[in-house]
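A single chain comes next, written as structure tokens; it is the form predicted alone.
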Amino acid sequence: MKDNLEGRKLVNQMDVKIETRDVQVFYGDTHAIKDVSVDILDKTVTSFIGPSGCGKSTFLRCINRMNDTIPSARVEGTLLLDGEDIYHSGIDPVQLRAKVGMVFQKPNPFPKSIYDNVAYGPRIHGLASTKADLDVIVENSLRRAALWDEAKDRLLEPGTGLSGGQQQRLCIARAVATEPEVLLMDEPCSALDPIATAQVEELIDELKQNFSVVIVTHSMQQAARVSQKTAFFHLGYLVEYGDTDTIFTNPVDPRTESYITGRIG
């Protein structure tokens, strides 16, 4: 029995990709994130839900130090990726962002060809030594983003010439091209039509086989469809975190129930 318990503990520890403890975020005098502690699992889709302005995107941006780009922002507490403190002075944020990719709300392809959009990260991080290596990375990344068949005959055309849904999948291909371990998505479908949204949701389901995926979404239906874990934020606090099915059908905190049933938000 003791061996089984120790084995289960070991597996659970190995499953945790991101650990955060007592995280606080300030924008000047504004206390935006308060005492957030959560373990985010590997090869799992985790949704952050909550009303507008509740802190879910701010907390997401802590995981790849995007808040560093805001002069007034200050982050306190502990954030570990595979047990390593990502806010340690020896950590290069650029290298961190190669391991923790991000896809934004609005598709934002670079004003370059489809090929160069995907090749950009591998080039700057030195992941390909030859053009042939780069070709393989570009093709594999576009395949992972379910875009290869639509783009293979137009790789030298501008990425901005694609449809909105294709542009978002191009941004996903660009994010996965550096072989990240975590993929952050900040409302990736909010600018897309229902068909493109369904394609991206299907893609998210496939991506979890290789990545820890964390998605901020304003759509509770989307969270229920794509995620295995859900975190509910309210007024800067992490109110509740657990299995998605449980959060939506049997939440512990009355604030979670009020949000899910539409009484707050």
Partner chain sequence: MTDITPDNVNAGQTNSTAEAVRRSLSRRNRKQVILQGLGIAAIVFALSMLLILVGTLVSTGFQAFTQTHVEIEVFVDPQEIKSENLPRGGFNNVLATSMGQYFPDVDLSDRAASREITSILSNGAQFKLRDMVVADPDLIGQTIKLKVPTSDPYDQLNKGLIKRDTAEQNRRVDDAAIEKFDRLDELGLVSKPLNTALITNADSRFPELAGLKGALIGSFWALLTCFVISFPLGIGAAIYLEEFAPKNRISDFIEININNLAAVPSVVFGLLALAVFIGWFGLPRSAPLVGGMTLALMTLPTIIIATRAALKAVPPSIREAALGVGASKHQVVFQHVLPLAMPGILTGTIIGLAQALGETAPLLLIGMNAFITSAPTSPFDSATALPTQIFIWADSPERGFVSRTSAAILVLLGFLITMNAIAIYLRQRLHKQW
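In this text the structure is predicted, and so the values were computed from the model without any measurement. Residue numbers count along the first chain shown, from 1.
Missing here is the form predicted together with its partner chain; even so, the following discussion is about that form.
Note that among 170 to 178, 145 to 153, 79 to 87, 131 to 139, the stretch whose heavy atoms approach its partner chain to within 4.5 Å in the model of the complex is 170 to 178.
By the criterion of a heavy atom within 4.5 Å, M220 is excluded from the residues contacting its partner chain in the model of the complex. In the model of the complex, its partner chain lies within 4.5 Å of some heavy atom of M102.
Using a 4.5 Å cutoff between non-hydrogen atoms, T69 counts as a contact of its partner chain in the model of the complex. Not displayed here, its partner chain is kept clear of G165 by more than 4.5 Å at the level of heavy atoms in the model of the complex.
R61 is the sole member of R61, K208, H234, K229 with a non-hydrogen atom within 4.5 Å of its partner chain in the model of the complex.
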